[in-house]
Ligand SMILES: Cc1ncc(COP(=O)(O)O)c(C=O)c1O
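Just the one chain here, the form predicted alone, laid out as structure tokens.
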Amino acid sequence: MQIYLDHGATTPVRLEVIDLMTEVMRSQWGNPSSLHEWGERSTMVIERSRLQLANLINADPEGIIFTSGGTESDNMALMGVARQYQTPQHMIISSVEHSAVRVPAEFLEQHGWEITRLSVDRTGQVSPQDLARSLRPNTVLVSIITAQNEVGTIQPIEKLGQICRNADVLFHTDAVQAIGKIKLDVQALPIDLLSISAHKFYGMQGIGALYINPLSTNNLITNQRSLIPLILGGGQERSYRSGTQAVAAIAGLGLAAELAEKELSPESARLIKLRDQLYALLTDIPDLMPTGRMGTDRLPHHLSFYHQRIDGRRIVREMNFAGIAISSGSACSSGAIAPSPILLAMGYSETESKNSIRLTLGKSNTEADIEWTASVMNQIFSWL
């Protein structure tokens, strides 16, 4: 019996998405920049997908810019803002950002930018009051992850974004883990920039998007002044992202978004039920401690723990031998296990941060999977 519980890393591509991408590659393979019928067919595919993705987050389709994925979108947001300034300014991120935000911020810091990293509480959540106190006259961007990938904690995005909106500061959020899992309405939320990746909600790897709010009151996002693109060339994607678009991948992203929108409410409720059932079955394992928030401030499909004695990578290996895929928050560098920077930022010790594991559920998981996983984990921890 094989059970996949690592949907936070990637999701399998839906069969409907595979079928559509196959059909597009067969019959709609023209260059979208071409003026003839073959190009027009591809352009129609792209624009339909732009609308499908826009509907998922209730966005103006004009604000959807297709990219290669979440990492490029995050880089485009931070670097695209930064490159508008001849002299370094000030940015704010949280201490629990994905490396796709954390590393560009470090790069900017090395080049003279001031970077404030907001601390988080023991559950991984940012304080809106801390953000308000950290704003400066030269703050040009705040980037806070919507939902933390290792511990599942959802940030108070509406409050954080409103603080930025009131201060006329751009607000970006990395929503890669949240899209398709929780409802996000960019018309209701004070968000200027939002990053998306298809392979987190059953699209293919290598395709994503950056939402740029065309109605933002900040001049950096209006026609008066635009983000400086990372990739220059043919002027595709409103000149924000040059390069011939990956038509089939974009088609798959669009369909995955449409299906996610239709299924979001019932699927989230189903995953919450399974998640809570698994949590209850694991709470009696000695020395296994939960991390992150539970309840409404947690992703519906997400559980995370640390063990007080056993490193996370060993737990992942043993579960893999049993046919169950989970992940560890630890990173391997030169053969050594590095503590999770996310758990360190949350106040956990180096040992605890090395011993973290994550279980993320998805569409294929059933109640039988949950019961078997809990049984296997109890057996493994009984002899480790």
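Residue numbers run from 1 along the displayed sequence. This is a predicted model, so every value here is computed, not measured.
The form predicted together with the named molecule exists for this protein as well; it is not shown, and the discussion that follows is about that form.
The stretch in contact with the named molecule in the predicted bound form, judged by heavy atoms within 4.5 Å, is 145 to 153, chosen from 145 to 153, 273 to 281, 235 to 243, 104 to 112. A heavy atom within 4.5 Å of the named molecule in the predicted bound form is found for one listed residue only; from Thr123, Thr71, Ser127, Ser268, this is Thr71. Interface residue remark: Lys181 is not counted as part of the site for the named molecule in the predicted bound form, having no heavy atom within 4.5 Å. Contact check for Ala257: no non-hydrogen atom falls within 4.5 Å of the named molecule in the predicted bound form. Within 4.5 Å of any heavy atom of the named molecule in the predicted bound form lies no heavy atom of His90. In the predicted bound form, the named molecule lies within 4.5 Å of some heavy atom of Val176.
Counting a residue when any of its non-hydrogen atoms is within 4.5 Å of the named molecule in the predicted bound form, the hits in 97 to 117 run His98, Ala100.
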